[in-house]
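This document starts with one chain, in the form predicted alone, laid out as structure tokens.
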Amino acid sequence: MMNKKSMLSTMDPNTVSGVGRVFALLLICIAMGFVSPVFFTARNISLIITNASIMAILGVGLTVTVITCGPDLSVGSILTITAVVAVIMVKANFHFLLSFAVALIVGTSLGLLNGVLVTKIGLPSFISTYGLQWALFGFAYVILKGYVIYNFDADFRFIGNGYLFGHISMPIVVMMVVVFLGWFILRKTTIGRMFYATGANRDAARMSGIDTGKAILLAFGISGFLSALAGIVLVARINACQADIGKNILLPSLATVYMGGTRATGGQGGVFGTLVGAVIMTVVENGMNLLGVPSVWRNAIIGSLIILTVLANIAVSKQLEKAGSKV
């Protein structure tokens, strides 16, 4: 019979850490249910999943870039500028589908610009994405001049507030499609294998014939596209857009990726972990709202949770490596 250590050594690290994250999510939900009778109401659960959807959409794109070449720090600014483009067009009486299409093209193009700066110019991804972040936020402020654009048509708002078949929230539908496509690309396609190989060891991947420059370009393009999509869903949901709408979204979205088990150094991770991370983040924020936790403590709690989660992932990986070496 297979002993405990040999069983542990044969298990996929992603599976082990994934089960651990789901278990942690269940424990957090049970704890919240005990301290707040409102937590397990249908309305609150629906609100949690819907709010997690936008973070998950953004997180899938970030997962791809973290796996391949590092975090894309410009996601919040791309979300903002593409949302501004979409709402300005729809307010100028362009068809809402055309405004969506232009916003998605702009987002993808900005993502590819990041890729060009990294692969062709040679800038570190941290510098290129951080610089683009400030530039895009600046453009958003210049365009809107401090004004808030609000009160959009029902057709525009459907993607953020509508229901498929009258029951399923549209942000959840969009999230499910994005997560499935992200999983399929990463796990079932040659492109996905390129992403993992490039992130694990770029020099080795290049020597084995992989076009690492192409992989990085595609990763940033996907991140830009999904940032734009998240921006569209967000402004349609809240029925308003302003120049700093995505300013505070970067750190929570990065948290969902790292809490989901994607390795900060690249080459390992997945979108289902990011989905669980997004739900954990949203559950914690929802619980703090229900309990009336002062805002000054919230960042400290979320930051501590991120550190503990990453430490737990490291501990699991080391335990699996140790068990494998003894078999």
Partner chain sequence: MIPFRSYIQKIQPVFWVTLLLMLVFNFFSSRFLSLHNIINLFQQGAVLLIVAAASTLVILSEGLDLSLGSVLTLSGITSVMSVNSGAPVSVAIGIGILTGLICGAITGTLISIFHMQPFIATLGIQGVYYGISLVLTDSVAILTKNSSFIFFGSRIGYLPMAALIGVGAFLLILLVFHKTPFGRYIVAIGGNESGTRLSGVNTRFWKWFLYTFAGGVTGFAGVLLASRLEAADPIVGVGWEFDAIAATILGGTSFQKGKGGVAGTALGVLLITVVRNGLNVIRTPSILQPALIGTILIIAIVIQVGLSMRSTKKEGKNKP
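These numbers were taken from a predicted model, which means no experiment stands behind them. Residue numbers count along the first chain shown, from 1. For the two forms, the rigid core is made up of the largest set of C-alpha atoms that agree within 1.5 Å on superposition.
There is another form of the same protein, the form predicted in complex with its partner chain; it is not shown, and what comes next is about it.
Taken together, 45, 162 and 189 are entirely out of contact with its partner chain in the predicted bound form: none brings a heavy atom within 4.5 Å. In the predicted bound form, its partner chain lies within 4.5 Å of some heavy atom of residue 300. Using a 4.5 angstroms threshold between heavy atoms, residue 250 counts as touching its partner chain in the predicted bound form. Its partner chain is not drawn, but in the predicted bound form it has no heavy atom within 4.5 Å of residue 167. Its partner chain is not drawn, but in the predicted bound form it has a heavy atom within 4.5 Å of residue 139. With its partner chain left out of view, the stretch that reaches within 4.5 Å of it through heavy atoms in the predicted bound form is, among 100-108, 191-199, 221-229, 126-134, 126-134. Residues are counted as partner-facing when one of their heavy atoms sits within 4.5 Å of its partner chain in the predicted bound form; in 143-167 only 145 qualifies. Fitting the two forms on the rigid core leaves the C-alpha of residue 300 displaced by at least 2 angstroms between this form and the one not shown.
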